[in-house]
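Encoded as structure tokens, the following chain is the form predicted on its own, with no partner shown.
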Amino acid sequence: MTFDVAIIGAGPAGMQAACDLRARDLSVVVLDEQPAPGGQIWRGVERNCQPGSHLAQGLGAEYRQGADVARSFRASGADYRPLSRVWQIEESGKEATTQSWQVFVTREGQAEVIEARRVLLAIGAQERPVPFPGWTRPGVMTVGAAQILLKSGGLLPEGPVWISGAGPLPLLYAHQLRKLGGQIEGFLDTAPRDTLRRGLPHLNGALRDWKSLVKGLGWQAGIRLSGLRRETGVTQLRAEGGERLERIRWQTPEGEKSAAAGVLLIHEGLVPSVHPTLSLQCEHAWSDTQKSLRPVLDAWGETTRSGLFVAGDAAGIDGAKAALAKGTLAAIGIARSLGVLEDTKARQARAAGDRALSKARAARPLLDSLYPAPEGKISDDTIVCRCEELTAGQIRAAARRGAADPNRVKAETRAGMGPCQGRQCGYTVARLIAEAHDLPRAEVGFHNIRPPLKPVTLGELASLGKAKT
């Protein structure tokens, strides 16, 4: 069977697009790695939002809203296949009337190829890796990972627990943790201290989404009123200890400080998941405000590869409300490209979607100015590539020996050749190359991404051959 659309990812954008496409009687298959729909932001939402759930109350109203979207998605009639790991995507026909895609996927150890006329990547984002001394030590993890443990099993960290970073997610997690009875020893705010000066030019536009601003101010006030230790202007973070974390050390304009720590949760923003679009050689653009790559899309969410669409945070970090709007816009674009929606009607529908997306994005310029990606110097002894255990000093030395090319540094050092394929080190390696050659970060690019996009075993590959015969 050839589906009209294959959607990869069952988060807000993927679920919304599936509902809209099914409403136009298109056949849709949705492939997702998780056991239930919701993506990272609404992970476990169906299970956690049962009546009387204490966890759902603690996670907040916006989390609970995800249950309604998941319910509509379940009822949409889309062929939903959870626990499916996509490891390759290929185009099998390039003419408009015969164009199709092959999606290679593994589920329960069995590989198969799914055919679809259009593909929508709704694969979200990942937390920005920001190496510092000791970030690989047991006891150090990201805020996102801690939130997954909370949503998946109601697990709260046991301390002394410190949160370090900047952006909405650390504030939200601290708020959720306190509501659920968790204990936080301290909060290290790594945003620069000149918040007011940087944010003022964007404040007027952000007021269009004043409810989100009020919510964020409430989280900030909660931290201040809780009495937990809060440090601002934090730089040069270090995680120290033996076999696991024992102490953290940091700098502020007032000098060096330290504290005992059992758990350190870090977060420095999000970056779009771009490995599939990079592997398919779609055109990408550098966002200087978000310090990351994003695929170049037209007004319908289509990449520079015809028939391949992107929605949600994979198209640029904008949050859950914007992801829903992007899912709707991509569904309109796909329906138009398949000829089931006339161009005039598609443009009328897109106008409403554009307005919803514009409002959902209203606070983003303010957030990007308040919480810029850290650009402090990375010490030579800091591990950068976790898979190959390469330090910043080794990457710098390799960068100085040759051209400003991430692929050359990759070939010389193996940085980016491990299981994560550069998801953890790619941006840092490029940053160190730019630093070594005194180049703008946008000119360095990213190393080549080749399939498989995710690890695949020989047994799984063999099962694909059996399926074909």
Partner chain sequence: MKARTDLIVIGGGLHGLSAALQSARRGLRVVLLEGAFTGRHASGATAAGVRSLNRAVEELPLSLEAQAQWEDMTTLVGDDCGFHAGGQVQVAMDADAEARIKARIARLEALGMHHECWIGPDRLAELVPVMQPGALGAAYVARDGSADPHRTIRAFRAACLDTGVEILENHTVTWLAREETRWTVVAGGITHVAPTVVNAAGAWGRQIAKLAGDPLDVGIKNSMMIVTERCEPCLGPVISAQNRKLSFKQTADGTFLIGGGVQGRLRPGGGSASVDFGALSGAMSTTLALFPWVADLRLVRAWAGMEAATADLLPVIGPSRRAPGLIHVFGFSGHGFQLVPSVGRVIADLAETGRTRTELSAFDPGRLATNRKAA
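Positions refer to the first chain, counted from 1. The structure displayed is predicted, hence computed values, not measured ones.
Just so you know, the form predicted in complex with its partner chain exists too; it's not on screen, but the next bit is about it.
A.B. asks: Taking its partner chain as it sits in the predicted bound form, is Arg408 near enough to touch it, meaning that at least one heavy atom pair lies within 4.5 angstroms?
C.D. replies: Contact with its partner chain, yes.
A.B. asks: Determine whether any heavy atom of Gln421 comes within 4.5 Å of a heavy atom of its partner chain in the predicted bound form, and answer yes or no.
C.D. replies: Because a heavy atom of Gln421 falls inside 4.5 Å of its partner chain in the predicted bound form, the answer is yes.
A.B. asks: Decide whether Gln88 counts as a contact residue for its partner chain in the predicted bound form under a heavy atom distance cut-off of 4.5 Å.
C.D. replies: Taking the distances in the predicted bound form, the answer for Gln88 is yes, it comes within 4.5 Å of its partner chain.
A.B. asks: Decide whether Gln281 counts as a contact residue for its partner chain in the predicted bound form under a heavy atom distance cut-off of 4.5 Å.
C.D. replies: Contact with its partner chain, yes.
A.B. asks: Looking at its partner chain in the predicted bound form, is some heavy atom of each of Phe104, Arg450 and Ala462 within 4.5 Å of it?
C.D. replies: Yes.
A.B. asks: If we take heavy atoms and a 4.5 Å cut-off, which stretch out of 55 to 63, 438 to 446, 32 to 40, 413 to 421 is in contact with its partner chain in the predicted bound form?
C.D. replies: Selected stretch: 413 to 421.
A.B. asks: Just one of Glu246, Glu231, Glu388, Glu115 has a heavy atom within 4.5 angstroms of its partner chain in the predicted bound form, so which one?
C.D. replies: Exactly one residue meets the criterion: Glu388.
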